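Quick setup: one chain, the form predicted alone, written in C-alpha cells, and binding and motion questions come after.
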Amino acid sequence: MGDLYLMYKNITRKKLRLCLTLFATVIAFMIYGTLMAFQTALNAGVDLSANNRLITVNKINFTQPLPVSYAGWIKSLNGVTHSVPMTWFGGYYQKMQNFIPMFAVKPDSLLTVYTEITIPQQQKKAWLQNRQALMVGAKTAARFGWKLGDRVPVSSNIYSKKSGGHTWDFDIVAIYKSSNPQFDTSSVYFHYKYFNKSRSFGRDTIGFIALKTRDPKLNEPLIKTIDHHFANSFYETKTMPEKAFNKAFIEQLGNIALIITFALLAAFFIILVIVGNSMALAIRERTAEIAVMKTLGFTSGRIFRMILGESLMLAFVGGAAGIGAATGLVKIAAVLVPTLPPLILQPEILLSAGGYMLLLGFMTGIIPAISAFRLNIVTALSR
C-alpha cells in the first residue's frame, strides 16, 4: 500500500470536514486570484509605460488647460523626437452611463508617440485623411457593436458645440489593437482640428502633451528645460515621466495596493487558522493509529512526511480549485463590466499562488507532523 494512497484515505475519511476545509481554501485563493488580476490591470498603465515618454501638464492641475502652441515648442527641443497634444473629451455614447475614455489628438503624432497602437495601413490612411474620423479601440468597438464605416454620434459631458448641443458625429475608419494583451484598447481618438474648430469654448488649448525622447537619459534635463521655460508664465507646466503620471492618476482612486494587501492578509490568516485547526484535530484523533503504525514498522520520518503531505495535498487541491474559480470570475467580470481594464491572470500570479499553496500546506502541517514524529508508542497506546 503506497503512502500516497494512505494520505488520500486519511484526508477523505471525514467527508464533511474535508469539504469545509477545501471550501475555505477555495474561497481564499479565489479572492487572491481575482484581486491580483484586478491589481495587475490597474497597474498595467504604469508597467507598460515607456521609459522614453514624458507627460507635460498644467502645474496647477492636469484638469487645467495649456496653450496648443506649447506642443510645437516642446517638439522643437533637442532630444525630443515626437510629441502629441491631447485633450480629454469626456465622451459618452447615447446615455451618460456609456462612458468612453476619449481624446482629441493630432492624428499623425499619436501613432508615432504611442507605437503600441497597431492598425492596418489602409485604416491608417483613412484615419489621417478624414477630419471626422474616429479611431476606436477593439474593446470599445466590441462593447458597442461598432464596425468600420459606421457613423456614430458621441456626446461630451464637458464641451458643447458652437452650433449648439453636446454631440459630435464621427466616422469609424480604424479599429486598433495591440500585441500586448495587457494594453487597454478602451480609448477612442479623434482629430483635434475638428474638435477645436467646432467647440464653443477653450479654443486653441489642450489638456496635456505626451512627448517621446531620443534617450531615457535625456528625461531629467528635458523636464528641467521645459518647466523652467514656462515658469512664471500664465500657464506654468509640470513635466514628469509617463510612469509617474499614470501612477498619480491611479492613486486618485486611493491606495488600491494597500487595500488589496489587507484583504489578502485577512483571507489567508482565517484560512490558516481553519486548516491548521483541522489538521491538528485530525492528528489528535489518530494518535493511537499512528502508534500502531510505528509498531508495525512505519518510521517516524515516514509518518512525518505523510502527515505533511496530507496538508500539502489539501492546500494544492483547494488552491488549484480556487485559482480556477478566480479565472472564471475574472472572465465574467470582463463581460459584465466592459469598462474595466483587461483582467488577466498572468503567469506571475499563478506562480505566486503556487508558492502560497506550498507555504500554506507547510505552515498548517508542520506542527502536527512534528507531533506525530515525536509521538511515543507506549504513551500513545495508553491514552
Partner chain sequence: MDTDNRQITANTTLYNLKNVSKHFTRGREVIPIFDNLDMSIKRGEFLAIMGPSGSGKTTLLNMLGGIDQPTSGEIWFEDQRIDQFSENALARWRAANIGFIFQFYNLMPMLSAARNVELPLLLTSLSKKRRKQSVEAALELVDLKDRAEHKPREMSGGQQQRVAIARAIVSDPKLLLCDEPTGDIDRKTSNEILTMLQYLNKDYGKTIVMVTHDFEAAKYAARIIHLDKGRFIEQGDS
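The shown structure was predicted, so the numbers you read here are calculated from the model rather than taken from an experiment. Residue numbers count along the first chain shown, from 1.
As for the form predicted in complex with the partner chain, it is not shown, yet the points below apply to it.
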field: Partner contact for G297 in the predicted bound form: the partner chain, 4.5 angstroms, heavy atom
entry: yes
query: Taking the shortest heavy atom distance, is M279 within 4.5 Å of the partner chain in the predicted bound form?
result: no
message: Under a 4.5 Å heavy atom criterion, is V105 part of the interface with the partner chain in the predicted bound form?
response: no
message: So, S371 and the partner chain: in the predicted bound form, are they within 4.5 Å at any heavy atom pair?
response: no
- prompt: Considering R143, R302, K238, K243, which brings a non-hydrogen atom within 4.5 Å of the partner chain in the predicted bound form?
  reply: R302
The single option of V292, A138, I270, L312 touching the partner chain in the predicted bound form, heavy atom within 4.5 Å: V292
query: Going by the partner chain in the predicted bound form, which residues of 5-42 come within 4.5 Å of it through any heavy atom?
result: Y5, L6, K9, N10, R13
